[in-house]
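Before any questions on how it binds or moves, here is one chain, the form predicted alone, in structure tokens.
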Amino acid sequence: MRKSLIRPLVEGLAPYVPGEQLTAKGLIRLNTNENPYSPAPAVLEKIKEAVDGRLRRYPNPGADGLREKLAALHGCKKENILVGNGSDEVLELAIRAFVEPAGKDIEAGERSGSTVQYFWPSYSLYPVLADSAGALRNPVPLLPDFGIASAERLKSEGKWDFEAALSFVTTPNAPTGRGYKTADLEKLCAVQRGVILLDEAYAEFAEENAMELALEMPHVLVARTFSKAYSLCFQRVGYVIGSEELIGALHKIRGSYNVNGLGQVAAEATLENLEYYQKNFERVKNTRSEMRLWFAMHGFLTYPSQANFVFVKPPLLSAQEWYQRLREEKILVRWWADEEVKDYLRISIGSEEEMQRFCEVAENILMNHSNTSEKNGI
């Protein structure tokens, strides 16, 4: 019998499942945390101008121009920065650079060097990346309110591995939107002995961020993206900041020309038009506040959010039923079957018009269910 051409590790992998990428007339996509507002007109113009003879040339291999602009923005050197094909590539590079694959006969004392650690629930790509690298996973439950336990409590409970080769902390958290104070993250980082990566994909929508920790602590990295806040999902540009030692290690293993030229042009132009985006951040945050009030008034359990989405437990019907009924009305939201989050929906903040439509549809669902219940004598 012919031996499989595919590695056993790969055959057994469960792939990452992204939000549905459907396109249809009248469809409202509140399932992928995309910014509802267009990039700045000047950014669009720069991209159009770059569609010329440069397309036959390779882009700058290290995205040096973009790194210099990011260094000026964050008050560091370009050697403290690596730009990736979205921040997802950064996460994968971190595992490859800092985590040893777990051998079949790994001893207890060697487990930490092969461990990828994260709080749960959080970004569902983490376990996929860990498995694909042959690493050990250590998911540690968040508190019931989706907060992070103090370093002291984590020590006493014994679930968190302070020697883990690499720990991911999603801040603000996804899918819950919960924000974490920099002072609390600093206490955790101070006692962590492996690399700790603070995944700040939604930092621009939060009250505070932890970028300072990556510039002060040699084992801390902070990852950011141009996708969520800066409306550049299509271009796939992310970056990570940290010590020259850690960033240098990541550069050794990144793919050559890993960031496309148009993406570099778009991201550089974005940094030249930050005032435009700051106004959009405020629009999203204002709509987020209004939606939290609406959800509370209509019986949804809502959690405080520091991201461009809200995490809610809907009333009357199960979260899965809400997901299906909204989908029938051409509104996509995110629902997971995982036990920890199956009772919740993650709903991206869309434009004012999109959220108004969501409210109208949701109110109809509530009213129809109430009418049906009355007829059935429930």
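Keep in mind it's a predicted model, so treat the numbers as computed, not measured. When you see a residue number, it is the position in the sequence shown, counting from 1.
Note that the form predicted in complex with a small molecule isn't included here; everything after this is about it.
Contact check at 4.5 Å (heavy atoms) against the small molecule in the predicted bound form: all three of Y123, A201 and S227 pass. Heavy atoms within 4.5 Å of the small molecule in the predicted bound form map, among the stretches 69-77, 184-192, 227-235, 156-164, onto 227-235 alone. Although the partner is absent here, G263 is not a contact residue: none of its heavy atoms lies within 4.5 angstroms of the small molecule in the predicted bound form. Using a 4.5 angstroms threshold between heavy atoms, A174 counts as touching the small molecule in the predicted bound form. In the predicted bound form, S305 stays away from the small molecule, with no heavy atom inside 4.5 Å.
Proximity of T170 to the small molecule in the predicted bound form falls within the 4.5 Å heavy atom cutoff.
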